[in-house]
Ligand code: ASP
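First, one chain by itself in structure tokens, the form predicted on its own.
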Amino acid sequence: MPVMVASENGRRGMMAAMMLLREGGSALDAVELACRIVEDDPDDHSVGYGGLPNVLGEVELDASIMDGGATLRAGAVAAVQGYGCAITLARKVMEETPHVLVVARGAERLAAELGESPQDQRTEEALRRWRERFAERGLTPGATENLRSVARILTRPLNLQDKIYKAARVDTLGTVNFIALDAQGNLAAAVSTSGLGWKYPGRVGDSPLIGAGNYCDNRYGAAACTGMGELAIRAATARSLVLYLKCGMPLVEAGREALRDLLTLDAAEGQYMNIVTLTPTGEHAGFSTVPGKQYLFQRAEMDEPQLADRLMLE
């Protein structure tokens, strides 16, 4: 019976993808479709079109997709500018090249060769937020005399507790991820992001890195991450959780063991990591290093996705 899990911002994508799964569609097609819908949404500033720019005002997209089948196929792109649909480009890397990861100018060249039309991913709303961030820090928008220092200042959490208290959207660490189990018993996982808001140009997080932000194996399960990507890279979070499942841990204990790995990293204030996971039997869970986080899940018999609380260490 088809099942999907996703990050909290994946509702519309999940509903469309579940329709495809109910009709016998593949998990791989489902996660790509779900990601595409979020990537095209200009109101989601953590993914695709309208994503938050880097320190220079440029939107750079990262994405990865993984097939849990016998050969563990995967494809990814990173630091893509001037083209949308990063998840579809990642799938093209998987299916039409001998590579797993293609980045920056190479990924843009590949998009052009595949017939994709260039599209500026910046929106006026995203640029407004970019300019406001400089003003909040007392900097002139576009000031780049010392780019390393400017990026470090801009990416520090700004009144994070006030934003949470006011229920404001904190999406500077945002990403979307989807994991699907289809009627044939195949798993697939997809992750897409515009990365850390106001990042240093060329910064790549965990989303396009197989084993860090995305991992999928039909035999044991799949996991995908959102949050401060550097943490998942250092702990190889997605692969670690699946490995703990391989070692025979129950799902909840496997997720909490992955959280223990993350908590040893001494993350800075405002940095967190979320994980979603799905097993070959349809068991699912979400985990987080901070309280109050949720994830989406939907089974084929459900009319709409539902929210569930992510688990933390006890």
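Computed from a predicted structure; not experimentally measured. Residue numbers here begin at 1 and follow the sequence given.
Note that the form predicted in complex with aspartic acid (ASP) isn't included here; everything after this is about it.
S.K.: Which single stretch, out of 128-136, 98-106, 68-76, 224-232, brings residue heavy atoms within 4.5 Å of aspartic acid (ASP) in the predicted bound form?
M.R.: Within 4.5 Å of the partner lies stretch 224-232.
S.K.: Wondering, does G84 line up within 4.5 Å of aspartic acid (ASP) in the predicted bound form on heavy atoms?
M.R.: Because no heavy atom of G84 falls inside 4.5 Å of aspartic acid (ASP) in the predicted bound form, the answer is no.
S.K.: Answer with yes or no whether R203 is in contact with aspartic acid (ASP) in the predicted bound form, where contact means some heavy atom within 4.5 Å.
M.R.: Flag for R203 set to yes.
S.K.: Is there a heavy atom of S207 no more than 4.5 Å from a heavy atom of aspartic acid (ASP) in the predicted bound form?
M.R.: Judged by the heavy-atom cut-off of 4.5 Å, S207 is in contact with aspartic acid (ASP) in the predicted bound form.
S.K.: Just to confirm, N214 within 4.5 Å of aspartic acid (ASP) in the predicted bound form by heavy atoms?
M.R.: No.
S.K.: Quick check on this chain: which one of A188, V242, V93, L196 has a heavy atom within 4.5 Å of aspartic acid (ASP) in the predicted bound form?
M.R.: That would be L196.
S.K.: Are there residues in 174-190 with a heavy atom within 4.5 Å of aspartic acid (ASP) in the predicted bound form, and which are they, in order?
M.R.: Stretch hits, in order: G174, T175.
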